[in-house]
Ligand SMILES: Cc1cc2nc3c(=O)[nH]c(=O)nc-3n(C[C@H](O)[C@H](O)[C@H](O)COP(=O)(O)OP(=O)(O)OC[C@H]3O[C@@H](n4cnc5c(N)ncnc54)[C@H](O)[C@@H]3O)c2cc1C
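Just the one chain here, laid out as structure tokens, in the form predicted alone.
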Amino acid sequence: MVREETDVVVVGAGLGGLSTAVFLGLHGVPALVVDRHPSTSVQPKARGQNPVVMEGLRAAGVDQAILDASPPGRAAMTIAISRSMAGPVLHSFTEEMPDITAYSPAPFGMASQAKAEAALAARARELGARVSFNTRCESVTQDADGVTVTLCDVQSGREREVRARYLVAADGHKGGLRELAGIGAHGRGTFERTTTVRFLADLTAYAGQDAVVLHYMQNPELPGGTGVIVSTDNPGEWVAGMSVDPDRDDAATAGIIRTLVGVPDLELDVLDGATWEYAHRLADRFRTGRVLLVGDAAHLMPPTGGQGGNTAVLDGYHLGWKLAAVIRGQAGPALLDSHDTERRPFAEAVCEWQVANLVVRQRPDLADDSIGEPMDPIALLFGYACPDGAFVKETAPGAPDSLFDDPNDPSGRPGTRVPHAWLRGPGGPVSPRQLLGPHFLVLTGAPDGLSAAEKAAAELDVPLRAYSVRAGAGADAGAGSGSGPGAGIDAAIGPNELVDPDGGWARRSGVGTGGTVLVRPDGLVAWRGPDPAELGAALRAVLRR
């Protein structure tokens, strides 16, 4: 048997596994990624990348590839509850799409899962990852020093053994690594099994001009009274979702599609189909020893709301820098405990949100006292506050401790995302969220803040970028076209200097004009305070050193 060694094996080349590989590579640790399938997804599957995800992908240099993968049509989404595509529309979510420019400098992405996986795989390879398809994980054993993984080539049957320091289980809810690692699960279980069918038809009379079209059908003439029609990347190609029936033939399937569209004589061609489950299931913990869970292996949710794929990418974003820091000796192994304490509460909230959406959009028959109304999506996307984790928690009397902040009035406390506020730099407008990358970030209004940051970074040997932030005139404070206040190069602003033109950063960060904020590579506030001399101690606490 061939034997090899590597730092990290990622099992699963879906959104969670590939994003983990991207962010590991961005921080200097190339991973071995294996997947039993012959390639990344060929099905559209999940679609759309929320602005928080796009911020992370920007830091990784893959956001433009995602934007370029948008389907043809107007850059907008039609989302509706309908009897059929032809009508009547019972409720339109399109009209309720929020303006997110106050919370993020990033746009929504509209790439399908197939296109997003391809872009992530390409970027992971550029950053040094090895991606091996047609490779099945046969066994995993771990000890105090590492993980031994047995891999099998699906085509030849040849096995090889890999010794790694850590393993990331990104093999989905059917992969089995969670169970193999001895981690249990909880949740509401399976709601239904669904068949998705790709088909060709001319639906331009009912689809409109938007790049993404999604209709949730509530119609007693459909099996189970419900179904879905969604656009794909290709004009004239669609996906229909309907309840599973193993005895259903192509003619019956075509009939259901015609009911979904609302055109009894619709001409169509069925291409292929797949079967999967609507379920609510979460791992009891996201880490055991040297095995860490991301994506559907950690949290399985109904697709209603579109956050399953987004949450998987964010798992990789938040885990990648931590795992790389531990492997490179910049952090202690205990840093990885924060993967569970930070990500699992958010996953619980997202999964419940998508269940509530399922009841509203497709399955009102599932409503009961345990399922509440869907929470505000703005709070869900931009307001999460980690209850504990790799940050210096504020415990002063009266300090907020809710799981979600109001994004319209952010606290700026450690454990939340560093607030978006338009600043001015030497090259023009910039948000703190555009300064994120494979480094810690310090924004300071203290006179000795830059020198304190440089000292802390040198003592701990960690990558860090620091900027002084000074108050400035508010003449340029009006945001334009989502690109921030003003425009153009300002020679009066130094290379490590930012200007807060209207006091937005001082208010949103919670430190006023003289305080200092330490931001992690994944954009979460790690510490804030009036004395930058505490930066070193804060970094040690975050890195568990």
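From a predicted model like this one, the values you see are computed outputs, not experimental measurements. In case it trips you up, residue 1 is the first one in the sequence shown, and so on.
What follows is about the form predicted in complex with the ligand, which we do not show.
- Within this chain, E342 is remote from the site of the ligand in the model of the complex, having no heavy atom within 4.5 Å.
- Residue contact check for A46: one or more of its heavy atoms lie within 4.5 Å of the ligand in the model of the complex.
- Residue contact check for R136: one or more of its heavy atoms lie within 4.5 Å of the ligand in the model of the complex.
- Shown alone here, G14 lies within 4.5 Å of the ligand in the model of the complex, counting heavy atoms only.
- Of the candidate stretches 421-429, 293-301, 118-126, 344-352, only 293-301 contains residues with a heavy atom within 4.5 Å of the ligand in the model of the complex.
- Note on contacts: among F93, W276, F404, F191, the single residue with a heavy atom within 4.5 Å of the ligand in the model of the complex is W276.
- Residue V34 is the only one of V517, V34, V62, L26 with a heavy atom lying within 4.5 Å of the ligand in the model of the complex.
- Here the marked residues S338, G412 and P414 all miss the ligand in the model of the complex; none has a heavy atom within 4.5 angstroms.
- Along 310-343, these residues reach a heavy atom to within 4.5 Å of the ligand in the model of the complex: N310, A312.
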